[in-house]
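A single chain, nothing else alongside it, follows as structure tokens in the form predicted alone.
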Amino acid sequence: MINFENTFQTLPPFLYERVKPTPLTKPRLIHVSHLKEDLGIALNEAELVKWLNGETALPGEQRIAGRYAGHQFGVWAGQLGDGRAISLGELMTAKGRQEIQTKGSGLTPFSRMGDGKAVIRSSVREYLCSEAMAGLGIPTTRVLALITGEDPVYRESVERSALVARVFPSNLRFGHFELCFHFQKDEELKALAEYTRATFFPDLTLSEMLREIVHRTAKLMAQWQNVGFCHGVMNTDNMSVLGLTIDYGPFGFMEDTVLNYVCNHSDHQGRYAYNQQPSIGMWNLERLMVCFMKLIPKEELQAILNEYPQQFEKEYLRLSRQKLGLKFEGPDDYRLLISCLQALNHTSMDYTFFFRELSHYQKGDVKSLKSIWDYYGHRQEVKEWLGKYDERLGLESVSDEERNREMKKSNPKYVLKNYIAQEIIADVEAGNSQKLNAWLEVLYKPFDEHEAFEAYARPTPPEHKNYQVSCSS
């Protein structure tokens, strides 16, 4: 028996619609995660597939799709909503409230011009990246199961259907508040604001809740930048009020260090480029603050929003010091970091590879970075930066051995590059799950050595570099 506590349904019906799922044809379970036990779901695999696929129902469950709105690529898009996702219910667990949602479950009232379906390609990418981000210690939605079907789905080509069951404390987005505000639903907005505060920020006032959302968003952006993660479609409807990474579509981990890297080939203006993400985070928060203008004085909202840059810089610098193996705060650390990024950008060195190899660096000994020189040749820009780095390390009272050990805890050896994801997708499309299973073990522990995967820790092979993917991915 699963004990549901579906509090979202206590909100005004304007915020959701009850829906019926469209089950996949010939569903096949590809993977079920350890979250099944964490959630206390006592179903065997066959029962789990039938429930997630919408063939059976459980007592107390819900089947609803959320209504929200949002700004997409900087333009007001009006009403949006869960166009291919259905919430099955909220559970109370040892780790708090957890909502289960299936993505690829068929048409909802918010599908607009879509078909409500998902394909293997996009589902595998979301499944992998959700767990990869968790392995990196970055707040994210999680996944429960991956199921494939035999239905034809029409994207750029004809692909096969799939369903991913994802798990998070709540699906609440900036767009839920934008919906109520811009459609002048004042009472619904008040109810939503109080529900969010009481359920997820119970010890805070409404103003304090907004401040916490600002701080969480700033920290999330700093974490993305720190690992070279590019979301690809940072619309306001893809922003979680809980500070989670949600909606994995055209994401990409930066490979060659190109600071204006755009991972989404639909983003023709580069709005969501890697180096734009922090400022877009603040822009999106401003759209959220506007929604509270009738509840909180404008000056107070502006003051809350103005805390974002400081919070981002504070967290980004903290993470960067860890990345560089620095124990104490130096006045020129930000300049040291920026000069490092500029050197990497100028030489187009692989971001993850460089910092992992830097975790082997011996102060004053450029030969200790032999792997970098072997691959890229001796690049003067990087050697000049190492001179500045040596000066800064001279202020630390830490041995090379200790610094290297700590840096390896902050610089992942493996990230989910797009070409790796594509290899796994091809394996799943062929009816296998071996690569997915093997890579999940790597992604759960990306800071470990995993010697059998050593080749994937090196720079991306030239023929696979910097894939761009679309919003349909």
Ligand code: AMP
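From a predicted model like this one, the values you see are computed outputs, not experimental measurements. Note that residue numbering follows the sequence shown and begins at 1.
Keep in mind the form predicted in complex with adenosine monophosphate is missing from the figure; the text below concerns it.
Not displayed here, adenosine monophosphate is kept clear of Gln277 by more than 4.5 Å at the level of heavy atoms in the predicted complex. At a distance threshold of 4.5 angstroms between non-hydrogen atoms, Gly377 is out of contact with adenosine monophosphate in the predicted complex.
Taking the partner from the other structure, adenosine monophosphate in the predicted complex has no heavy atom within 4.5 Å of any heavy atom of Val382. In the predicted complex, adenosine monophosphate stays beyond 4.5 Å of every heavy atom belonging to Ser87. Taking a 4.5 Å heavy atom cutoff to adenosine monophosphate in the predicted complex, the contact residue among Leu358, Met133, Met209, Leu80 is Leu80.
Comment: adenosine monophosphate is not present in this chain, but in the predicted complex one of Asn238, Ser320, Ser170, Asn284 has a heavy atom within 4.5 Å of it, namely Asn238. Of the candidate stretches 109-117, 144-152, 394-402, 343-351, only 109-117 contains residues with a heavy atom within 4.5 Å of adenosine monophosphate in the predicted complex. In the predicted complex, adenosine monophosphate lies within 4.5 angstroms of a heavy atom of only one residue of 245-280, namely Asp247.
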